[in-house]
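Next up: just one chain, as structure tokens, the form predicted alone.
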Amino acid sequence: MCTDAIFCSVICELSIEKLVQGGEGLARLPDGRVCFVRGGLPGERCRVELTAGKKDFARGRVVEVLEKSADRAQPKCPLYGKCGGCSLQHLDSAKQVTYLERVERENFKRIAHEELPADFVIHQGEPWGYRNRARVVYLGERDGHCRFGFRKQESNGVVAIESCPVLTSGLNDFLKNAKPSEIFKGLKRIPRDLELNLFDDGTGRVAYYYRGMPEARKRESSVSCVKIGAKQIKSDASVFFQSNLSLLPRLVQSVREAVDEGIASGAASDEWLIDLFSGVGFFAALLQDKFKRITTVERDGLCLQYAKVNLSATDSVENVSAPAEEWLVKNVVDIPATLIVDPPRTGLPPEALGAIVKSSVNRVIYVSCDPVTLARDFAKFRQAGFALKRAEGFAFYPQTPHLEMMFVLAR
């Protein structure tokens, strides 16, 4: 039997039944164990190399497709399978959202024991050239220009790149033309394996950041400003920001509609907006015109600095640097405030979820980057009397299995 401690070079012929969370195909070994197969599509018969295994399941990768799915596509990138960025280029771009919806409906039913609404929709944009944010590894200099790479698949190794089909033209231009004399100006020594965060603000201007960056250089080169509608949102290449600016306005529209519906119905009010895990104050800044009082809560101090810039400075705005769960436990929310939560992949900390349930908040707009933890948290909200009123998905990362979702919960 294959174990994690022993590399398995066993080749099996397997039939792929379906896609699961993470984009792998699910098959079954002759001994009955489930095998998660990288590169397999439903309906295919494949030769699979087993790469790891445990008592109840194994993992493998496709080495040959014997019976091909009609939805299989030729990967656009020559580094596909080596670079760790994309994992769904073998699936036709036009069909990816269909598969993602099936996966999420099954996840929700399995974890939350409830069906996603019939009108659940996944919004999508361009499948290529969309990604405006990336992390690259500096590989040295050649002909006066920087050489960069991406981390390899399932490894800390690096594969050299010249361009990437999912990146914006602005980022690809940066990869091609960046010069060490400019990027590392003021740096005495370039650390080995140095990573750079890159951010295209939507106009082709690329901000960048790396650890050890001289402070003067950081102020000059890492700050960016993104225009969403009529609002300018200031940020920094060192902090989190969404990676698909072309689809981001659709998420903003959905959140804004959910806010309006809550206020109009009386389930929430315009007295107080609480934005938890608020980052640079993104949602609060775009919704500031609707509320008499606003509180943003974010533990990252640098994000807090940008939140203070992005929200108009008034006595009614409070920007708090603290873990969301600590703030909720210490502060009494005794009115039906409008609450937006946008937690990391781990979902809501139990203390935060418990505090929300005990508060006077009757309506929650939950933005999630992990459908699995969202389904888990929904099950806990449902036990406290909340129901799912609205569900939408956002395919921010075509060619990958990642999906952003928005739930509106009310009681």
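Quick note: we count residues from 1 along the sequence shown, nothing fancier. Computed from a predicted model, the values in this text were never measured in an experiment.
One more form of this protein should be noted, the form predicted together with a small molecule, which is absent from this view; the next part is about it.
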Tell me the stretch among 144 to 152, 119 to 127, 169 to 177, 294 to 302 that has any heavy atom within 4.5 angstroms of the small molecule in the model of the complex.
294 to 302
Among the candidate residues Q242, S254, S87, N197, which is the single one with a non-hydrogen atom no more than 4.5 Å from the small molecule in the model of the complex?
Q242
Using heavy atoms only and a 4.5 Å cut-off, determine which of A307, A324, I274, A134 is in contact with the small molecule in the model of the complex.
A324
Should P344 be counted as a contact of the small molecule in the model of the complex, where contact means heavy atoms within 4.5 Å?
yes
Distance check, S278 to the small molecule in the model of the complex, heavy atom within 4.5 Å
yes
Residue-level contact is defined here as any heavy atom of the residue lying within 4.5 Å of the small molecule in the model of the complex; does Y208 satisfy this criterion?
no
So, in the model of the complex, is F283 in contact with the small molecule at a 4.5 angstroms heavy atom limit?
yes
